[in-house]
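Given next, in structure tokens, is a single chain: the form predicted on its own.
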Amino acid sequence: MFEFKLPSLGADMEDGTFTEWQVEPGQQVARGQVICVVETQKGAIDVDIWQAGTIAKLIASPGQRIPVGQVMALVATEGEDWRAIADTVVPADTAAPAAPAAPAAPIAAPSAVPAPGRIKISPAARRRAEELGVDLTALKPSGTHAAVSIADVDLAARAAAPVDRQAAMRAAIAAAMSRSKREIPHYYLATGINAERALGWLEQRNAAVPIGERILFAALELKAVALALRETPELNGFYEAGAFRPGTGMHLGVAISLRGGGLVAPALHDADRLSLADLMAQLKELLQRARGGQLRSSEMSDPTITVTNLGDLGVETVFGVIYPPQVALVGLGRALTKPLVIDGAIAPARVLRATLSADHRVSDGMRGARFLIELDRLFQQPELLA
């Protein structure tokens, strides 16, 4: 038996609201199958399971707010009787907590704050409650916490006010970026890449195929980034518990702006192994599902590096902030025509501005430069990207 828990869908996620199950007890499930939907600050996410088995017991109920890591279901593995597991009693501290029974009322006056000793609450949580106007007497610690935490205060505040998804997402992004700038010693590198050969090759290829089979330059860029990471694997992974953990694949987090506002960066898995045509097809599907609110938890939880591309907006250079616990971010701008010295003569060429933001705890400028050099080399040999 294994416990199916709510996965973390990003450094800025503390909890989510359970929406619905898409399975039932006794149903066999395969690894990667979507089994439920959870509402987060970034929208509704299809949560897929990471191990095959048979659903034995569903614990989470619609409307419950569930902390990351909380048990949502029990699943029988091969050879186990799911009916026997269905009778398992889940300890109270691992079961998903129920949603607040009623909205918290705002503090009417300082006298509404209970006397010291009547409630256990951290100083930071007390300050947050005062900032948000949450009544301390209505707060209770969640899970195994002995004292009310900031997360408990935020939960009560959200329950008391209408949900503004765009504002919530912006706040979540701000929190993650503040953490990044506070904890990660960034270093930044930039270079100009002569993209004339790559763009010419792509234009020639696209002219020879139907419109539906044409490749965007953005897909070519992503493939080049994925292949360049093979030369500098220390840029592809996570910094956790004081150590670097390499990524299991080149899972590029593609920064996508949403129509209603906000930003997500779901993973394009194993981008270095995909043909250019397959990468384009998967990128198109990822964009459609991201903007349609149909992303999967596996796409949100395991990007090993983020790529942000603002070239289509006319931006020439972008220096990004690393999304923790990742250790690097690649920024790509617009390819602008500029005079270059080529073979001793001045000629016009389209130049792409590429940047790297990286974590100095894991790599240094020499290794970051190695990545940009390799990226440049690949753009000069675009046939290697096909």
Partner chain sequence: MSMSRDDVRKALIDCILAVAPEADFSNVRPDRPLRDQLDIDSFDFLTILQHLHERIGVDVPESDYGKMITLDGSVDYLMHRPTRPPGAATP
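Positions refer to the first chain, counted from 1. Predicted model, so just to flag it, every value in this text is computed and none were measured.
Beyond the structure shown, there is the form predicted in complex with the partner chain, which is absent from this document and is the topic of what follows.
- Stretch 287-295 is the answer when you ask which of 300-308, 76-84, 287-295, 175-183 has residues with heavy atoms within 4.5 Å of the partner chain in the predicted bound form.
- Screening R259, R273, K140, R230 for any heavy atom within 4.5 Å of the partner chain in the predicted bound form leaves a single hit, R259.
- Scanning A157, L216, A171, A190 against the partner chain in the predicted bound form with a 4.5 Å heavy atom cut-off leaves one residue, L216.
- The partner chain in the predicted bound form is approached by D312, whose closest heavy atom lies within 4.5 angstroms of it.
- Interface membership of E203, defined by any non-hydrogen atom within 4.5 Å of the partner chain in the predicted bound form, is confirmed.
- The partner chain is not shown here, and in the predicted bound form it never comes within 4.5 Å of any heavy atom of L268.
- For the chain shown alone, G242 is not a contact residue for the partner chain in the predicted bound form, no non-hydrogen atom being within 4.5 angstroms.
- Applying a 4.5 Å heavy atom cutoff to the partner chain in the predicted bound form picks out M280 as the lone residue from 267-283.
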